[in-house]
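Take a look at this single chain, the form predicted alone, given in structure tokens.
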Amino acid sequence: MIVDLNSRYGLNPAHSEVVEACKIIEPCNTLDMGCSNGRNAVYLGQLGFNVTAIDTNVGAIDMLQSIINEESINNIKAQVYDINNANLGEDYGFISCTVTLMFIDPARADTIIANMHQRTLAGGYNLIVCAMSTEEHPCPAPFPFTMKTGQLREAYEGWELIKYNEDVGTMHNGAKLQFATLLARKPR
């Protein structure tokens, strides 16, 4: 039985899209982009994924590292890394990037996604959940970057789209926000 480490350490549960993706993705070398304090990384690690968890927030990485040390976890590496660099050094079978791209430098968006493509193994998966701003649903939060209608789908042309939607959801504070959600598989 898996112990709920997320609850034990006061982390939010893993993102629902990560949980869903794990129903079809076998454990592999995985990158958690913008991991914050590790809610997805810890979940993935417990399922047997070898996780590299990156974030620009030193405090969040330190918190995740303390969980790794406390639990003697050997399949999660926590690293401080600025996603804007778009210079990932390894290849992965699964790259997860949930509610992270909204905080990037907008001028780097295409380069970051291209780097994700480049560093995904043939037959591997990318999961992205990103806020949108459209005429019907302008983004109420002042994020530096938001997706436009169809932008994420276009960025993954040629990949197999396992899931794609641009649905409106309600945030914990009641605000309505539209998200582009994609799970795509790279051609073999």
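Just so it is clear, the structure is predicted and the values come from calculations on it, not from any experiment. So that there is no doubt, residue numbering starts at 1 and follows the sequence shown.
Quick note: we don't show the form predicted together with a small molecule, though the next part is all about it.
With the partner omitted from this view, the residue of 50, 65, 57, 149 that lies near the small molecule in the predicted bound form is 57 [heavy atom within 4.5 Å]. Listed stretches are 132 to 140, 30 to 38, 116 to 124, 159 to 167; the contact stretch with the small molecule in the predicted bound form is 30 to 38, by a heavy atom cutoff of 4.5 Å. In the predicted bound form, no heavy atom of residue 92 sits within 4.5 Å of the small molecule.
For the chain shown alone, residue 71 is not a contact residue for the small molecule in the predicted bound form, no non-hydrogen atom being within 4.5 angstroms. Heavy atoms of residue 111 never reach within 4.5 Å of the small molecule in the predicted bound form, leaving it off the interface. The shortest heavy atom separation between residue 76 and the small molecule in the predicted bound form exceeds 4.5 Å.
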